[in-house]
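One chain comes next, on its own, written as structure tokens: the form predicted alone.
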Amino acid sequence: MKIVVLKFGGTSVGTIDRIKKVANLITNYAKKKYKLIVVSSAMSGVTNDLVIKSKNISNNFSDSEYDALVSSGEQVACSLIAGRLIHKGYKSRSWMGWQVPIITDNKHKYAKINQIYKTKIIKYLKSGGIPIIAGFQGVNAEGRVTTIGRGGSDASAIMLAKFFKAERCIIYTDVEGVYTTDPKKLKKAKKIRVISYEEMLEMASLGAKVMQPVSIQDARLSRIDVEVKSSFKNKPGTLITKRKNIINRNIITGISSTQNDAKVTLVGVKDRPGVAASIFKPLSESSINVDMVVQNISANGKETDLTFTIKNEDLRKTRRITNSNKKIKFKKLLFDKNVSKVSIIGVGMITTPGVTYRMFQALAKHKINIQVISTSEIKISVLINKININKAIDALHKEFKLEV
């Protein structure tokens, strides 16, 4: 049985006219004799509206009721898609996560899919039906509805592709694919034809919003090829796949940037073994994600300046936690919200010397000062002044010939 999983995002099903177009896309695949499993998000804006309603009801809205509430948006979209397919003469019905069932762990709001039972769906596929399955949701051992976090419909689609051994998983969205950088910031950005899981994971983690990092990680672990394409234009998209499937790659595949970083510097920290752990442990316990870290030891070895980056929204909490931390001593606490991170990503840099020099030189030519640096095997990130972010992206895009 040749199974293809099709997933449609919120913008793709955002209006009745768009749902009718989605139904046409689905029937185009059905005419090619594929067995289809369709996954849908809620109509655009619906989930946000439900979240606002929960906050208006209570500042401490129950997590389990939150899941029951926000998962309802997918039910509406799935029913409308199935209804349109029935109108067009196809056998179809909507399926909620608990009806499949899609079994998750017991964690509400950020559940993980543990198991998908296939019997009912396989029987329905063999009968000629097109199941429209609600993304973003499942059911736990207690029979309560759970949700998989924002962007969870992608994760639903990828796990369905895994359990049903689908030939393809196609993510339909409002963009034509993954670009070398954000097209809104650089008009010369080009669509990437093929990208590795690892590169896509780095780009998503660093600000590319095409897919959530957790969904890409699921695809990587399950070795599911994922194609990202537009539901509005009939053009090839971007294939996310294994490294060995990619031929004739560039050294650098893409450039990512962030806009909501803040830099924190502790000046004159009394240096001793474990001081960094003492600084970061209470931040971790408060779910504050620390990204780039740099430490400068004084000449006498007794003090250090420690700089790290966080998200802007965590700045006030970080200041309060750090100032009240009795386990560390420092002279001054500095904050800077006028910073952005720009990163180059590419598995080609593993075997290519001089990439770091080329990046730094390209920025230096444009008089862009680097404040903090962090690296991984396939990524180099630098922190710069926010006003230079577009200039930096343009310079790096040209340096690594991503426009060609």
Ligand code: ADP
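The first residue of the sequence shown is number 1, and the count goes up from there. The term rigid core refers to the most C-alpha atoms you can superpose between the two forms while keeping them within 1.5 Å. Values in this document were obtained by computation on a predicted structure and should not be read as measured data.
Although not depicted, the form predicted together with adenosine-5'-diphosphate (ADP) is the subject of the following passage.
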Fill in: Position in contact with adenosine-5'-diphosphate (ADP) when the complex is considered in the predicted bound form, options 164, 98, 179, 330, heavy atoms within 4.5 Å
179
Practice prompt. Using heavy atoms only and a 4.5 Å cut-off, determine which of 290, 116, 262, 210 is in contact with adenosine-5'-diphosphate (ADP) in the predicted bound form.
Written response: 210
Discussion item. Quick check for you: of 307-315, 167-175, 90-98, 269-277, which stretch puts a non-hydrogen atom within 4.5 Å of adenosine-5'-diphosphate (ADP) in the predicted bound form?
Written reply: 167-175
Worksheet item: Hey, in the predicted bound form, does residue 236 get a heavy atom within 4.5 angstroms of adenosine-5'-diphosphate (ADP)?
Response: no
Worksheet item: Is the gap between residue 183 and adenosine-5'-diphosphate (ADP) in the predicted bound form 4.5 Å or less for some heavy atom pair?
Response: yes
Worksheet item: Taking heavy atoms and a 4.5 Å cut-off, does residue 388 contact adenosine-5'-diphosphate (ADP) in the predicted bound form?
Response: no
Worksheet item: Even though adenosine-5'-diphosphate (ADP) is not shown here, does residue 203 get within 4.5 Å of it in the predicted bound form, heavy atoms only?
Response: yes
Fill in: Residues in 2-31 close to adenosine-5'-diphosphate (ADP) in the predicted bound form, defined by a heavy atom within 4.5 Å, in order
7, 9, 10, 11
Discussion item. Please determine whether the C-alpha atom of residue 104 is displaced by 2 Å or more between the shown form and the other one following superposition on the rigid core.
Written reply: no
Worksheet item: Honestly, after the rigid core fit, is residue 115 moving at least 2 Å at Cα between the shown form and the other one?
Response: no
Fill in: Core-aligned C-alpha movement of residue 255 between the shown form and the other one reaching 2 Å
yes
